[in-house]
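For reference, the chain that follows is the form predicted on its own, supplied as structure tokens.
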């Protein structure tokens, strides 16, 4: 199936490399830059070779000019903490590639990513242009390595691998949390010892090529790779912060329904959190303080907040992320903060190109009819890496199939 490119000139032109070199200017837009430049009214954004080449240039010379007529332009939103492209149907085991019993520190699920998943164009309908995919893992507390994709649907849409190490430090059906902390600290201490040994001269171990696991743990100990720890209970959050301090981890907390109880500690440690804006039920004894107001309360405490979808619906209903952000705003989060929580904050934490509208940034952009958090707002145009793409999904095709009259039996119409 070809990528869903929407032509502004002709499909033949867009299919050629010459089309990619064309300069596109979006004029007269309300631009949420999500940078120090703030929100610009009646602004012009120029796209060239997949990059934002200029904002409000003195002169505009473009092959394609789009008059936004005052509509809203935002960076493409970024999903996170889901299994998009690794799970097609949760109830069908053969379509699940997000976990494995043997999964451990070095489990990289990116080779199993399916860019033609029917969930990807569905995600584009919500203005999502990139996504941080995380594996489920296996029996170990180490769930594997996150990776980043764009939602172009192309076979080369994996943008970055080994993006973060994912660790589960929450409650389990069996066993003790204490054993999880023992496992985590022993693993990190073991790698510290190996690195210390390698600094000794005449040590034969120094010449030995490190294993994949050792490479990951070394990157973690150097702070070069974020560690995403899934945890809920306030006392567990405090224990994880101790581990961060002990080893100097680049820590990201995920889940954290009880984070509001220890928000000052999280802010002081300068640790970002990934939460669901619509989590408001005590799904376990570890999340008794789930509340729709948590995102706003954490933001006001000075915590960098990233918003993700709710539990396993994160991939299948990724397009709803903008509505979740709207709920966060209705419950006390700032509008600017919510925009950053679904774009620039995620890009900053995971080192991604995108999430902002600024010269030199990757041209992942969305043109909305109005405020993207309003339910009645429509997505008018979407660009990924400077190319305009369609937001038509399988759902649209099914609607067309079953509402189109035909002389043939229904089974023959497509």
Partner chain sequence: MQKFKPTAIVLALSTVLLGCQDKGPQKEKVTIEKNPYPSTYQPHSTGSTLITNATVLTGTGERLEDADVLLKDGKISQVGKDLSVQADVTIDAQGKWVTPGIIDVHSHLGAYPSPSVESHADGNEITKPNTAQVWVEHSVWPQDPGFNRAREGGITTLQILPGSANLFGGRSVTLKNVPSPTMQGMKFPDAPYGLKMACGENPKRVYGGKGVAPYTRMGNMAGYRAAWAEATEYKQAWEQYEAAYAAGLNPDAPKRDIRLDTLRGVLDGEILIHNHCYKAEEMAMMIDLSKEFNYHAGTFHHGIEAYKIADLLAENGNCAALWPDWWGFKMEAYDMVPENVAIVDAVKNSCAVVHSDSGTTIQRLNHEAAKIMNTANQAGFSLKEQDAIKWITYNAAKSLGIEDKTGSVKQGKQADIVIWDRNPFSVYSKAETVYIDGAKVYDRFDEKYQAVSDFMLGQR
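Residue numbers count along the first chain shown, from 1. Please read these numbers as outputs of a predicted model, since none were measured by experiment.
Here the subject shifts to the form predicted together with the partner chain, a form of this protein not shown in this document.
Residue 326 is the only one of 76, 137, 326, 337 with a heavy atom lying within 4.5 Å of the partner chain in the predicted bound form. The closest non-hydrogen atom of residue 179 lies beyond 4.5 Å of the partner chain in the predicted bound form.
Residue contact with the partner chain in the predicted bound form: residue 160 places no heavy atom within 4.5 Å of it. Contact check for residue 49: no non-hydrogen atom falls within 4.5 Å of the partner chain in the predicted bound form. Contact annotation: residue 290 falls within 4.5 Å of the partner chain in the predicted bound form, judged by heavy atom distances. Every residue in the set 173, 320 and 398 has a non-hydrogen atom no more than 4.5 Å from the partner chain in the predicted bound form.
Here the chain stands by itself, but in the predicted bound form one stretch of 272-280, 127-135, 188-196, 143-151, 272-280, has heavy atoms within 4.5 Å of the partner chain. Along 365-380, these residues reach a heavy atom to within 4.5 Å of the partner chain in the predicted bound form: 371, 373, 374, 375, 376, 377, 378.
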